[in-house]
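Here we start with a single chain on its own, the form predicted alone, put down as structure tokens.
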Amino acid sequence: MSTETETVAARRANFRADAEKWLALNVPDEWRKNRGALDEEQETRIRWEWDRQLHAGGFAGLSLPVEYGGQGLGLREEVLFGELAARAQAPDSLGRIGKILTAPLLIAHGTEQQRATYLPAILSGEQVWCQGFSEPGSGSDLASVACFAQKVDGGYLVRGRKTWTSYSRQAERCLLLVRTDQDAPRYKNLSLLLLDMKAPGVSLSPIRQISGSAHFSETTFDDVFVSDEDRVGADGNGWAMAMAILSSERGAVEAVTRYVEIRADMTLLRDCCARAGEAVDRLQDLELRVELIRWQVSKAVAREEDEERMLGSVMVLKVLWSELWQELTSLAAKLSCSEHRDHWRYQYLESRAATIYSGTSEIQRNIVAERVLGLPK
């Protein structure tokens, strides 16, 4: 083993030890013991506080450059921390859209002003972001969005609607995909804006889910002004910006954050609801598949220097984790654990949408078939 390899291994071993110690001391007992019984307000409060704890502890933006407020480590450390957080039953970040989608986008395609303005607040947990892509008439066909931003002096006036806007009630900013040219060809008529959710003309209609929560809203924009300084990329280059965002949304870091939730549910199912020996074979299959998500993420990270091979590894992750979560919660609901009945009812209902948002399983399989396997359309 070379000296450089030994140094990297030692650094990662130290990182693991520090992270495990910090998680053991900082994961809120209220979350670890009662997360299945928390109401939406309590859950939001804990997850928001967790973002601030991560920043104070030096675990926010692990793979982002130091000059932008990150820790300057690698994707491996980011993924490793997610795995350790899952085993410690830590909360998921409320600011996940800002950290996973906005921050990488701004580092790759934003201006220095945008980075200086938004990255510190995102990483510190002070600023929550939402994503304005889906519309009532534009689901899987993202290029057909109708929300229109009219060019005016110094910026744009945005009119239209978005739906299924996650965390919109808590969000201060929105990654907004809009049409900026009614006559330009498809894929060349879109732009990406960073919209202030507190600006005049923004209104929210919460969407109550079958679980009882209202994590999403339908968002209406009535001549909301967005300055030119808050456009990412060139006017008409929104499709490329959206594809950059979606690559992050369905990538390794996104999958490991989902692993946090699924791993916690698997642990609860194994240690409590199924400890009497019920459905042993089914339980073993699910346990194996939960860890296969972690293994697939690790494989993707090992290929980070080869963009094409890494893309092939991450493309399958959305289908894997979303369908697995549904199967896991379905089994748990059938076992009728009296102690955690409320938790499993909530998780079962929440997981129903997992194969729809961020691209349906049908769309995801088409993407894998065409882009990874090279099959004809």
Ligand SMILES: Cc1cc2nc3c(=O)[nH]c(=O)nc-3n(C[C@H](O)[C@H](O)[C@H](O)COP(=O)(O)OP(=O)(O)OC[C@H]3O[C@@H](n4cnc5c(N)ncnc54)[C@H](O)[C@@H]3O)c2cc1C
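Model, not experiment: these values are computed from the prediction. Residue numbers here begin at 1 and follow the sequence given.
Absent from the display: the form predicted in complex with the ligand. The rest refers to it.
- Residue in contact with the ligand in the predicted complex (any heavy atom within 4.5 Å), chosen from S134, Q114, S124, Q170: S134.
- With the partner omitted here, the residue from F221, F216, F81, Y156 that has a non-hydrogen atom within 4.5 angstroms of the ligand in the predicted complex is F216.
- At a distance threshold of 4.5 angstroms between non-hydrogen atoms, W164 is in contact with the ligand in the predicted complex.
- Taking the partner from the other structure, the ligand in the predicted complex has a heavy atom within 4.5 Å of a heavy atom of A353.
- I363 belongs to the set of residues with a heavy atom inside 4.5 Å of the ligand in the predicted complex.
- Contact check for Q209: a non-hydrogen atom falls within 4.5 Å of the ligand in the predicted complex.
- Shown alone, this chain has one stretch from 156-164, 194-202, 289-297, 232-240 that lies within 4.5 Å of the ligand in the predicted complex by heavy atoms: 156-164.
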